[in-house]
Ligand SMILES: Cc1cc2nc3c(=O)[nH]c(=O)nc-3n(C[C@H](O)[C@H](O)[C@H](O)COP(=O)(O)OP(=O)(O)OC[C@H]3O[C@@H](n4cnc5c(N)ncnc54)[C@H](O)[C@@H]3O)c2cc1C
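Just the one chain here, laid out as structure tokens, in the form predicted on its own.
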């Protein structure tokens, strides 16, 4: 189908800011906070009705261990999950949390940090020229609106703004473009008494662990409240593609009911299905081509960079892109993520933070988790502020100044 339409519309300017952040997930919330703490007027645009990204929207309500609990991420742990707060920053934690409590916390946090949040504001396109973005257009409940800024930070997870502005990108593994599969995580509650299991018509009746979508059990129950967090569905596809995400939403829900039935008949007879989030979780879509691309060799080799902005020792964790019940898991001792992975040569006033930074398929499988995205977002917010102060492009931000500001905001790097 080659037919296309031209679409032109005058769009009213709704608001201006120093920094506009697109996407209110871990990277976006941290970017907004850190930029505001640098004295900048910040607008955060979120397509849904809640902040937190997949941590709240997709019920990915456990923070994976990254070996460096620092900066805004550490602050969050101290304020919401104090019982998990380690004495030292260079300790790994993996706290299971309430997505509902995190959602409320982030709402209140943005008010305290003087960030203007716009919910139900979905990115449509950029207005740009001469390697500079002037404004972004978003769809709101009040129609199309424009937002202007001096600096923009793309935390959409899919690099939506960057791609629309002409930043080169790639998707999936190098051999065939396939991305990691999608997963709909869900929760079950221990009622303390046997529950009646239910298998809706059309669902799968799994008899053995080997028949499950991931071929394994993967769940957590860490807070002594009877809440079981289940990560066992798996749907092949790219979450940035229309047909793939359409299929994933229905197929993953079918798998949820099927897996819950299986668990209720295999050791979890007192557990009732208690929460299914409103959308499937997406692990991987697009990666920008930045000034530097993080590689598998960087990750496994523990490489250090002078322009470090985040550190992690989270494992290589590739859920099989072909949809099979296998996972490539490899130990990682710890490595740096450089600032250049968030910067494109195509646009002077745009940073990309979160899972869509410049990284190969294998490297991305390690850096994609929520705590790392908080770290990347915090660095992006500060860097955007420095670029404004110095009237320079984001690629010319002083690393010495960036590291000083990160330190002032509580970020500590391992040597």
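Residue numbers count along the first chain shown, from 1. Predicted, not measured: the structure shown is a model, and the values here were computed from it.
Not pictured, yet referred to below: the form predicted together with the ligand.
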Item to check | Proximity to the ligand in the predicted bound form (heavy atom, within 4.5 Å), stretch among 302-310, 276-284, 103-111, 195-203 | outcome: 276-284
Checklist outcome for this item: Of 169, 292, 268, 123, the only residue with a heavy atom within 4.5 Å of the ligand in the predicted bound form is 123
Checklist entry - Which of 231, 190, 128, 320 has a heavy atom within 4.5 Å of the ligand in the predicted bound form? => result 231
Checklist entry - Does the ligand get within 4.5 angstroms of any non-hydrogen atom of residue 185 in the predicted bound form? => result yes
Checklist entry - Quick one: is residue 373 in contact with the ligand in the predicted bound form, heavy atoms, 4.5 Å cut-off? => result yes
Checklist entry - Heavy atoms within 4.5 Å of the ligand in the predicted bound form: does residue 27 have any? => result yes
Next on the checklist: I'd like to know if residue 387 sits close to the ligand in the predicted bound form, meaning any non-hydrogen atom pair within 4.5 angstroms.
Outcome noted: no
Checklist entry - Relative to the ligand in the predicted bound form, which residues of 132-158 have a heavy atom no more than 4.5 Å away? => result 155, 156, 157
